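To begin, one chain is listed below as structure tokens, in the form predicted on its own.
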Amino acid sequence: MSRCVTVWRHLAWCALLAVAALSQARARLAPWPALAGKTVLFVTGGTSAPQPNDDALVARHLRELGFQVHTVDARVSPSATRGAALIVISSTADARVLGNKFADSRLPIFTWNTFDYPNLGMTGPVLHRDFDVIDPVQHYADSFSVLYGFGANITSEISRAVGLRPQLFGTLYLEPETAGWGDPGPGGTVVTDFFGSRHYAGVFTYEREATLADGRTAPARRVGFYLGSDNFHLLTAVYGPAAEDPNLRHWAIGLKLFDAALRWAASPPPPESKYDPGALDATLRQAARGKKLLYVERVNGGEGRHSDAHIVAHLRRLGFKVTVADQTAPQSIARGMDLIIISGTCSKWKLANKYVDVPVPLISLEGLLSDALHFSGRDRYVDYGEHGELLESVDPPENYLDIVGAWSPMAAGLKPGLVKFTEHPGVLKWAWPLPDAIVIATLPNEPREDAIFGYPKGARMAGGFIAPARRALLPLDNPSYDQMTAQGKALFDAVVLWTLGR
């Protein structure tokens, strides 16, 4: 009987791993053969477009990739999307005629129609601030600047597909050119940018269920790309012997970026989120069993010591082997650990840059450590801070979070929008990470104050630091754990599970 139980448990665990593997596989780029034969609805300016354009070249390229292409103009009815797998929108299509007819489409959209970004909710509505088109006639100097992009994100599926690095690359070949940029909302991912700023995104994406710039939820994947109407043929590429030069190979990636972003848009997204605390608890218990966890706190500290004790007790109930260490303990105590959690009771002065470079997954419950941990820049109240702290913040106490990355497992299956994190308003910590971070929740009405986010291993963090293992932030103040709602505790557990690597 004992052997049967053991076998059953083994099979159940294997099934759990299989489901997890399938979920991850669904989130990856689909192989090109799996996309062959799918129909693309290509929205253009039509044959009457007044200026020369590359729409015909794009359509031919799409066919060469294996898609069936159905070309229409901006007057097309939304019903024309039936049977299509992807909508591609050229900048030759009149954005005023397009309006918001595709905003609610459950088909993925790949677009370089910058003026249509606001209609789709991908950026705010203000020209020159939320989006812009740089062209040689009106912006001669900047039309040279947009020939050089920067790898803002190196861990997204698109970034990995092209080997994107945190450095300059050639977007288009050398002549004054037209390009567009957008400043995406809190749920967007900036893949490449111009002018050295994430606010000028050349390539940016929204996963399904991510929060758009206008506060709505993306019904399917969305991609913004920097192209102009007549420069598809100028996308950089390298062939033959030149491709053996690693510098040229990582410089001339414009066409590879186009193809990878198109492929990402057309690939199946992760499964839609489902809030199931019981399943989350069971999965975390399986993952935590026998794992060694270092909990760093202010031992015998004042405010928050009861919460620390309750967090440790919860972690032990999950199956972790927890070692509690004072903030003054040497970093060497982290050797052999599977996870480190730094309590909100810790002081930046006492930690003294410990645990920054350890190759162990780490969660910080203290947002004020964000600069020391390379989670964010160094400017307090701009790059990181605390919301609701007496004498420290002009913001009132808060107990809600705004879920903007519901697609991620870190969101615990919670739907986009406001969620009650603690029972009563209090202090919530925040930071503004780099584009490599996966942002899960912001503070309400503060899209630049991110309360929950995670950096994958290998991600570029602040100061050029590369994450040696997963890193995550939870916004708990010293005594807040005992005030957490059921949804708040689910978020806590989901972040622990993700950071652990499951």
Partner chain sequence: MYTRGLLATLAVGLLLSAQLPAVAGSAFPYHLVRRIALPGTGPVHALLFDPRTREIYAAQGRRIAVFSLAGAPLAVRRPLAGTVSALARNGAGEIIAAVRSPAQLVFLSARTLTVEHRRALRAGPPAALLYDRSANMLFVESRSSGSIERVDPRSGQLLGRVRLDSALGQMAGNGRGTLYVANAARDALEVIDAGAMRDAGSIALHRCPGPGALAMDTIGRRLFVGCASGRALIVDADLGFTFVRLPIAGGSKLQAAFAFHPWGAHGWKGGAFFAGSTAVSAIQMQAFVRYRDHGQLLLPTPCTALALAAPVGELWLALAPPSGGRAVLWVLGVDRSEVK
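Given the structure is predicted, the values throughout are model-derived calculations rather than measurements. Numbering follows the first chain given and starts at 1.
Another form, the form predicted in complex with the partner chain, is not on view; read the next lines as being about it.
Site annotation in the predicted bound form: the residue of V299, M337, A85, A237 reaching within 4.5 Å of the partner chain with a heavy atom is A237. Only one of K457, R28, R60, R448 lies close to the partner chain in the predicted bound form, with a heavy atom inside 4.5 Å, and it is R60.
In the predicted bound form, the partner chain sits within 4.5 Å of a heavy atom belonging to L248. Although the partner is absent from this view, H233 contacts the partner chain in the predicted bound form, with a non-hydrogen atom inside 4.5 angstroms.
Using a 4.5 angstroms threshold between heavy atoms, L174 counts as touching the partner chain in the predicted bound form. Using a 4.5 angstroms threshold between heavy atoms, P241 counts as touching the partner chain in the predicted bound form. Of the candidate stretches 192 to 200, 174 to 182, 395 to 403, 305 to 313, only 174 to 182 contains residues with a heavy atom within 4.5 Å of the partner chain in the predicted bound form.
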